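Here we start with a single chain on its own, the form predicted alone, put down as structure tokens.
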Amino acid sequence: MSIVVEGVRKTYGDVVALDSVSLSVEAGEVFGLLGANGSGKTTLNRCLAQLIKPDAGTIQITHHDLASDPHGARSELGYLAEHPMLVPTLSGREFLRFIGGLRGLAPAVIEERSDKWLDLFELRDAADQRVRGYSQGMARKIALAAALIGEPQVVLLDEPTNGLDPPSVWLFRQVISQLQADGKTVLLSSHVLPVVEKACARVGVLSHGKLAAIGTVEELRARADKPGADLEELFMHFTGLDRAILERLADAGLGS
């Protein structure tokens, strides 16, 4: 397994962000992590990326335990945060050089890989412009390039399509397919359910810090007894949001 999460709990004061979450993701798998705002998705990603520590439980990244071997785990991981931290005074190319240096890559390797991602994401013409002048979509692409420049075995993508236009979303899906073909493991967290349904073999649904459901779409359909349901309907079912929204509509006099 490339990712193993066992009994992870994380609280912020009285708020339980993650409540004994356990899941595993196989090597070469694209796994979708779904949840409404406040469900615990970003908290779990931050625990995996070692930005915060869980209060209880264990996490392994490619057999490296985060508690006993944090550096080994970090060397195998690439992370695109929902709100990535860029260095606005650097150009796009300088930012990739900076991240490549932190990864311990040789200068020639950094240049080669930077050119690859700059060309693929159509950022070559903006490569020497400061990041602070980038559009939201351009900033997202340079952050994704930075997450991938170290060619990590495990890639965490938190809302990766935010700010991307349809052609860029399509390109992103091709990148995901290629990562999988190369044997990489991808944990994809997104509100764009059609992207998740097309890219992921299995999904996990978080609700109020708990793992409400996990499996293939067919397995979730069987569990929900909804043979023809798409991922959106299944998501609403397992989070209980379908019932909550229908109740609010009825209270507002808008129910059928």
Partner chain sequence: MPDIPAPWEAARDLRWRAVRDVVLDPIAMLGTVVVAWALVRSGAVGHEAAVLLFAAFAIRTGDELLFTRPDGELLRVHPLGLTGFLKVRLAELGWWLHPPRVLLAACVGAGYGFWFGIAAWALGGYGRSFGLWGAIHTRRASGRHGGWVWLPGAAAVVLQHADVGAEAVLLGAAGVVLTFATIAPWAVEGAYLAHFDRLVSDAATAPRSRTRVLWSALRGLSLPIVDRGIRSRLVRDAVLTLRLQDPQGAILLLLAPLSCLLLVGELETLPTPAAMPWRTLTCAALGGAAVAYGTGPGIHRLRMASMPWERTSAHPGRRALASALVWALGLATLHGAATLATVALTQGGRFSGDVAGLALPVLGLEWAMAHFVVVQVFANQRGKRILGEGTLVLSLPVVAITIAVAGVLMPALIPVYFIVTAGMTAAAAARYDAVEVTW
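Model, not experiment: these values are computed from the prediction. Residue numbers count along the first chain shown, from 1.
This protein has a second form, the form predicted together with the partner chain, left out of what is shown; the following refers to that one.
Selected contact from 49, 195, 211, 30, since only one has a non-hydrogen atom within 4.5 angstroms of the partner chain in the predicted bound form
Here the answer is residue option 49.
Looking at 180, 75, 129, 162, which is the one with a non-hydrogen atom within 4.5 Å of the partner chain in the predicted bound form?
Going through each option in turn, the one that passes is 75.
170, 176 and 186 - do all three of these have some heavy atom no more than 4.5 Å from the partner chain in the predicted bound form?
No, none of the three is in contact.
Any idea which of 197 to 205, 224 to 232, 211 to 219, 51 to 59 reaches within 4.5 Å of the partner chain in the predicted bound form, heavy atoms considered?
Of the options, only 51 to 59 has residues within 4.5 Å of the partner.
Within a 4.5 Å heavy atom cut-off, is residue 90 in contact with the partner chain in the predicted bound form?
Yes, residue 90 lies within 4.5 Å of the partner chain in the predicted bound form.
Is the gap between residue 105 and the partner chain in the predicted bound form 4.5 Å or less for some heavy atom pair?
The answer is yes: residue 105 has a heavy atom within 4.5 Å of the partner chain.
Close approach of residue 101 to the partner chain in the predicted bound form, 4.5 Å, heavy atom:
Result yes; residue 101 sits at the interface with the partner chain in the predicted bound form.
Answer with yes or no whether residue 10 is in contact with the partner chain in the predicted bound form, where contact means some heavy atom within 4.5 Å.
Yes.
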